[in-house]
Every structure is written in structure tokens, then in C-alpha cells.
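Next up is one chain by itself, shown in C-alpha cells, the form predicted on its own.
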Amino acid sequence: MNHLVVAPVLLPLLAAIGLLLMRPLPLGVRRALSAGAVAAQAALAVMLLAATRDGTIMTYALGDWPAPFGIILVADALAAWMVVITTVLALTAVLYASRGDDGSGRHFHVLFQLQLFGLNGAFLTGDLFNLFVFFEILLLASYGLLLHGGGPLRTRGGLHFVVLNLAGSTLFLFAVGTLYGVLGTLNMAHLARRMASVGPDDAGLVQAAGLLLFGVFALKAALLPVYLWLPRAYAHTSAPVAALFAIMTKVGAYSILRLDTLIFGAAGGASAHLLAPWLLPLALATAVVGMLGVAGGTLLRRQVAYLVVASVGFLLTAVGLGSVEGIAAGLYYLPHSTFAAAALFLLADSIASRRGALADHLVPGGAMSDPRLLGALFLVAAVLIAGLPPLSGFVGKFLILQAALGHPALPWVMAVLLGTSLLAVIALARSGSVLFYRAELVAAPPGEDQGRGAMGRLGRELAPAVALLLLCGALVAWAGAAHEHTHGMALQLMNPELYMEAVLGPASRSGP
């Protein structure tokens, strides 16, 4: 067994326990320990990505119990890709939070580490029940983070978030129980192996459970029609939490991708391609509704939240094409959309803090310090998220359109991607004009250092957002290498026998 597989799960758990015990220490010490733990997780994630780059699938059996009886962690190229994106995003979020957002409530850094424990575990688990367990861990942590700092708006948005996700968790248990009752296993590789042998008497139950799982994962991903919890929750929580939550919807998208390619893939017998009739139409509709929400938004942070919804639609549109090229395009688009949305959440917070009572309301007037620098960064982020050339949003959408060539739904895919991109340009251009075009430059208060000290504070504030935008730039600079890697991931996903053999061993060919 390779202990590198379990390290990204174990480290945040130990960090959370350590930070809880160190609560009497000064906040500055706990900030440093939390940021150091996240940086170590990012380093481990990069090592895991390098180890799986050649197609290797690594497994870790807790307690040395073999699959399918024990708890199995599986690190393939996709899982490592997701863990890298999560930990790098988390590092920027925790650095931004350390400016003061983490001091507005108790246990921020403990909850932050538990959130990473749940996220990394969800990406690395090889068992449906343990996926449920990690979902609950990350959701419990997210409840605390969402409400961190208090306030009626956060409480109201958090209530919808909690109620809907608790309902989703209940349905998750129903689906898991049904699959276990019929197939006698919850190990994902074992489920995939047994799907081909499901008889006609049990096929209806298995398909009902599969569609129930799809509904649960669609709720987590904020797919139409179960997306309404997201805009209010994300718009009213603190900026670093909203930035970290940019990856939360991708957990649902990741789970849908696993479900579609592994358990209900081409080798799924009577239940093969179970999600195909639903996934693409819902994804296209989600992209449209999300972008209409952006166009109708009256708050900048609400607009960014709807951009997250739209990005899920674009990502699952690529997955819904059902081809290697489509999945590869979606996996390239995934980090772009995550980093760009997170950067916009951080920028929106910086903009709101400089507009006084107007905050992030999209109304003209008011004064702002540093409008030129913030306006320039907002412009870059808007071009990124709208998908204009030559940045990574354009590359991602171009790859999705290229993958759709020859697909029967090509006219719909083209109309939605191009139409929503135009709508994004119009909506974000309007927002930028309202926020910056007539903004008055505010001088620093008397006695405040306007030289290196002021620039240093501004640099520390904007550094996490700039780092996220630079990561999107790296996706353009190394677009060929990134797409080659995502293409390899897609090939691996479309050949689920590789996953089954890595978990169950070659002997699994002989039977269920």
C-alpha cells in the first residue's frame, strides 16, 4: 500500500484536532499553523498527481482489509486532479481569511480543516457509503463556515442550505440502502463489476436507486432544478468561505462523472448509460438559467454565485456529451471555472469594502479607493469567466464545442455556449461600468501612510485573487500539456476495467 493516498485525508483531520487543542494560543499562531497545514496538503496533492500522471491507479486499504470488505481509498488521475485543485484553492482562501475574516467567529480554522478532510476524502474514497460519510463531514463543516460571523442574511441563506442538503442526505441513504439490498456491496468497483449481471427482476430497483443518486449529486452540484439554495448562501457568506465553496459544486459534478462512467457506464448491462437522457438537457438548461441570474443580479456577489451555477452547467454539458473528448474538455474547464469564480468572490469583497454603504450593490455613484487596480483585476476576471479569447475560459469552451462536433445536440450546445457567453459579457460589462466608470478616487485619511505601507497592505489583500488569476493564466500558457493530461484522465475513466482491476485485482475478471 502507498501511504501517499491516505495522507491528503489524514493531514487535515490531524490539523483540525491540533488546532482545536491549541485554541488558547494567539490567533496569529493558529493562522500560521492552518496555512502551513494547507500548504503541506497542496504539496502532497502535487506528489499524488505526479504519481498518477502515467495512468497508475493507487489504492489504500485501511486496516489492511481487502476490497470489497474494507474501507478503500483510490487515487487515480481524476481523484488526484481534484485534490490538487481543492488544496491550491484552499491555500488562497485561508491566506485571504487570515487578514481578519477568521476572527469574526470561533473555530474558523478547525472547521476549515474539517472541510478539507471531507472534500479530499470524497474525491479519494472508493466506497459509496464512505462517500456519504465524507459528504456529511464536509457539509457539517460547511454549515459552520457558512454562518461564520453571523447576521440575518447568512442565517437565512444557511437555513435553506442546511434543509435542502439534509433532505439530499436522506435520499442518499435510501439509494445506498437499495443498492446494497440488491447487489450486496457498496464498493464502487465491486458495484460496477456486478452491474452487468443484474437480472431483469432487479433492474428496475437498481435504476431507481441510480436515478436517486443522480438527483442527490445534482443537488450537491446545483443542477437545475435543485440549484436555488446556492445563490443566496454563497452571496452572503464571507469571501474566503465563498471562494472555497467554489469547489463544493464540483464535488457533485465529480460524483455524477464517477456514477456515469464507472457504475452506469457502457458495461452496466441493462442499466448502461442510465444518466444519458437526463444529464445533457439539464446541464444546458442550468447554464442558461445561471447566466440569466447573472444578467438579472443586483449584487455583485449574487452575480458571482450565479456564475458558479452556470459553470456547473458548462462542465456537465461536456460530461453529458458522453465522449472522451467531451470529458477531457470538461476536466480542463473545471479548474478554470473554480479559480476564476473564487477570484471574483475575493475581488467582490475588496470592492464592497471600498464602497461604503453601497457595498456590492450594482448602483452608480459613491467613492472608491484604488478603483483603477481593482477595475483592471475585475476586467481580467470578467474576461476569464465570460470565455473571451485568449484566456482559459475561451480555451475551455472551445474544447467543449469541438467535442460536440458530430453530436446530435450540437446546435443546442453551440446556441447555449455562445448565447450565454454573450450574455455574460453584457452583464459583467454593465457591472464593471456601474462599479468603476464613475467611481471617485478617495484619498487615504490624513496621517495614513500612502507609500510603501499602504501598497503593501493592498498587495497582501489582493495577492490571493491575483494568484488565482495567474493559475488561470497558467492553464493558457500550458494549455497543450493540461489538455493532454485531461485527455489521459478521460481515457482512463472511459475504461472502467482499469479501476476495477486496481481495486479488486485481476482475479475479478472471473466473476462478480
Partner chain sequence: MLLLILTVFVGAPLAAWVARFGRIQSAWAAGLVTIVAVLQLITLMPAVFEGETLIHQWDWMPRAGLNLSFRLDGLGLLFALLILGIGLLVILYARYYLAARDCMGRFYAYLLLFMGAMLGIVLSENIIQLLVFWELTSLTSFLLISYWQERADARQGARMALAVTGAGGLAMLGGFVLLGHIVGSYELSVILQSGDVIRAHPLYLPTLVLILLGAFTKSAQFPFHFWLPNAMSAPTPVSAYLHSATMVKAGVFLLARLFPALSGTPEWSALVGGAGLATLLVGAVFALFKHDLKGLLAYSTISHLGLITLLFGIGTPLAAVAGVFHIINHAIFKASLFMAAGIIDHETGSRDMRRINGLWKYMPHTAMLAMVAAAAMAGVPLLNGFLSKEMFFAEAVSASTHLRLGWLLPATVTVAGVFAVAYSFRFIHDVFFNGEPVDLPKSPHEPPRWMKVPVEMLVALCLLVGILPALTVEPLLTLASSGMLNQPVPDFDLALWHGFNIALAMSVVALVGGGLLYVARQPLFELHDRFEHRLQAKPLFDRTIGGVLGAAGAITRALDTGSLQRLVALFVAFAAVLGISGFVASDSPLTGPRDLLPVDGISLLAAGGLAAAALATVIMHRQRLVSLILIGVVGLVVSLVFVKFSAPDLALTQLSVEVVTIVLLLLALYFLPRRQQPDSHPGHRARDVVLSVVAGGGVAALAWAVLTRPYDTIADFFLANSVPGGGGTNVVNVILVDFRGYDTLGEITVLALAALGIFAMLEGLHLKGPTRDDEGRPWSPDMHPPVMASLTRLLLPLALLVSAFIFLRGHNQPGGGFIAGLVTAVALIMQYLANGVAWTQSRLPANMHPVLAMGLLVATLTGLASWLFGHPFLTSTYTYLYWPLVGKFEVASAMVFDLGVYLVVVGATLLILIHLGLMHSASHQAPADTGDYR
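From a predicted model like this one, the values you see are computed outputs, not experimental measurements. Residue numbers count along the first chain shown, from 1.
A second form of this protein, the form predicted in complex with the partner chain, is not displayed here; the remarks below concern that form.
A.B. asks: Check 106, 137 and 306: does every one of them have a heavy atom within 4.5 Å of the partner chain in the model of the complex?
C.D. replies: Yes: each residue has a heavy atom within 4.5 Å of the partner.
A.B. asks: Which pick from 373, 358, 267, 410 sits with a heavy atom within 4.5 Å of the partner chain in the model of the complex?
C.D. replies: So the residue touching the partner chain in the model of the complex, by this definition, is 410.
A.B. asks: Check each of 378, 333, 245, 229 and return the one that places a heavy atom within 4.5 angstroms of the partner chain in the model of the complex.
C.D. replies: Only one listed residue qualifies here, and that residue is 229.
A.B. asks: Residue 346 near the partner chain in the model of the complex, any heavy atom under 4.5 Å?
C.D. replies: It does not: once the partner chain is placed as it appears in the model of the complex, residue 346 has no heavy atom within 4.5 Å of it.
A.B. asks: Residue-level question: is residue 255 within 4.5 Å of the partner chain in the model of the complex, judged on heavy atoms?
C.D. replies: Residue 255: no, not in contact with the partner chain in the model of the complex.
A.B. asks: At the 4.5 Å heavy atom threshold, is residue 70 in contact with the partner chain in the model of the complex?
C.D. replies: It does: once the partner chain is placed as it appears in the model of the complex, residue 70 has a heavy atom within 4.5 Å of it.
A.B. asks: So, in the model of the complex, is residue 9 in contact with the partner chain at a 4.5 angstroms heavy atom limit?
C.D. replies: So residue 9 counts as contacting the partner chain.
A.B. asks: Of these, 235 to 243, 399 to 407, 74 to 82, 346 to 354, which stretch puts a heavy atom within 4.5 angstroms of the partner chain in the model of the complex?
C.D. replies: Stretch with heavy atoms near the partner: 399 to 407.
A.B. asks: Looking at the partner chain in the model of the complex, which residues in 373 to 394 have at least one heavy atom within 4.5 Å of it?
C.D. replies: Going through 373 to 394 in order - heavy atoms within 4.5 Å of the partner chain in the model of the complex - the hits are 379, 383, 388, 389, 390, 394.
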